[in-house]
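For this one, two forms of the same chain are given in structure tokens, first as structure 1 and then as structure 2.
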Structure 1
């Protein structure tokens, strides 16, 4: 009983922490937005507006108020779901972002499948063969993935696999030819093309997705591999592994039925965090592959200095990260019998 109360206290404490972190996040994005050199008024009224118009817009945006007051306006706006209007497109920023998000989610999901599919077995192999050659090979492979500047690897891969060998699709989500052929229902091209029954578009999309997703996945597999290895080593050193061996289980059975089963929960949390980190790689890889997703939206708006868009993008990344952290915590509590 007291245990339950304790975990409940922990939960409320955690919610408090999250709220404070969210508030801090908003302060941070607000500061970044206010520091941006682009003049939001000028962006709205244009270069040759009169002084009066400028002043009027300046006041209507609340820019004449003290900073803390401006922050409360911002806070109120965000809480009511108003993230401002994009200067470039003239549409609500949040609408723009929702529009580009599916492309990034599609890319990141495939990437994490590849990253986990690569990283988890590699980590297990490395741990089982600790300090022998497979361990060293895995270590070099994963450090390599962790060390490569992904935007550069993307270009080299494009040069070799697309331009020279023509094995995969080039930039964009599909061949130019197919653009506009499939109605946008979900925004996820793979799903949309299947819904529309356009198999050609589907395969073109797969062909375009495979390279950037593999590169992103490979780079994220480094972290997954390292953590898997370290978790596995922890488990393999435990006494219950000896018990399993004494029972007559083979090495293989011991590894997969006992040690691996015991790290599943930890792995899920790690993969969830790695999924969030993919956003970082996505910013760069989307630029290289002209992938019309969140990363490209963020960088293009950074360069033209669209304040509302940038603030919202940063806020969203932070919220995604906090949510993933929370999710991995919750998963841990749900699936580990010792914490139930």
Structure 2
């Protein structure tokens, strides 16, 4: 009975923490929207509008009300799923975001698979070979991946691998010839092209995805590599590793069945945070590759001062990180029975 009570209290506390975090996020988003130098009224009516027109739109947006009243109106709209209308497209903001988000999810998912697939083994190799040449090579590669500007590497890669060598696709999600051939069922081009049976479109999408996903993956692998190396070094210095070797376990068994198992929980957090950063931070790579995703949508609306779109994007980024933290907690319980 006491265990059930403790479990219920823990779940209630976690829900309360999430609600408080979401409320704080809404308040922060509202404050950012009001502190931005952009004038939402001027963005709607234009520079040549009369004073009467300006004041009419100003009042219709509720900007003449006190800030606390404006916030409660904003909170009510958000709770009912109304995030406003985009000035640039004239459509509901949430509809625009649902249209562009699959492209970013597709890009970020392949990037994190590459980043984790490279970063985790490289970090383990570096830790096992501490201060030897494999460690130095891995650390140099990580330093390059972390320090080189992603927009610069993107442009260089486009010039060399696409324009000169024609090894990969260029900008956009597919060749211009295939645009409009596949109906938008899920928004994920790879899935939609398979559902439509358009294999030419599928391989064109894969060809265009390889380069930006690889660059983003290499950039995120630098962070994952450094953290994996640090975690492994801490575990390899523990007494149980020495005991395992004394008992006759092989080096491979000691590393992967003992040391690596004990860093899985920490790696879950690192990979989840890296994935969240890719979802909200792929602005530069989407701009370089003309990738019609969330980052490009946020940038274009920020430039013209479309505050409904900008505030909604900021809110969604916060919700993404909250969701990834919840996912990390669930995975903790799967990987480490002590947290159950």
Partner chain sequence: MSVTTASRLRMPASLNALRNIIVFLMKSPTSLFGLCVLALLILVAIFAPLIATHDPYAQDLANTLQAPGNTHLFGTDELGRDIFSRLVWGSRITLTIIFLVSIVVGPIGLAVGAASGYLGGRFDTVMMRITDIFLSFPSLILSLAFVAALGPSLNNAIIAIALTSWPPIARLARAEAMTFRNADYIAAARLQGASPLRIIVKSIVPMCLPSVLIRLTLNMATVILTAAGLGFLGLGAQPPLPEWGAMIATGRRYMLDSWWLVTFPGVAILCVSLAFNLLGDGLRDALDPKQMNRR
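Residue numbers count along the first chain shown, from 1. Just so it is clear, the structure is predicted and the values come from calculations on it, not from any experiment. The term rigid core refers to the maximal set of C-alpha atoms that superpose within 1.5 Å between the two forms.
K.L.:
Working through the pair one at a time, identify the form predicted alone and give its number.
P.N.:
Number 2 is right.
K.L.:
For residue 56, is the C-alpha shift between structure 1 and structure 2 2 Å or more after core superposition?
P.N.:
Yes; that C-alpha moves by at least 2 Å between structure 1 and structure 2.
K.L.:
Could you state, for a rigid core superposition, the Cα shift of residue 20 between structure 1 and structure 2 in Å?
P.N.:
After core superposition, the C-alpha of residue 20 moves 3.0 Å between structure 1 and structure 2.
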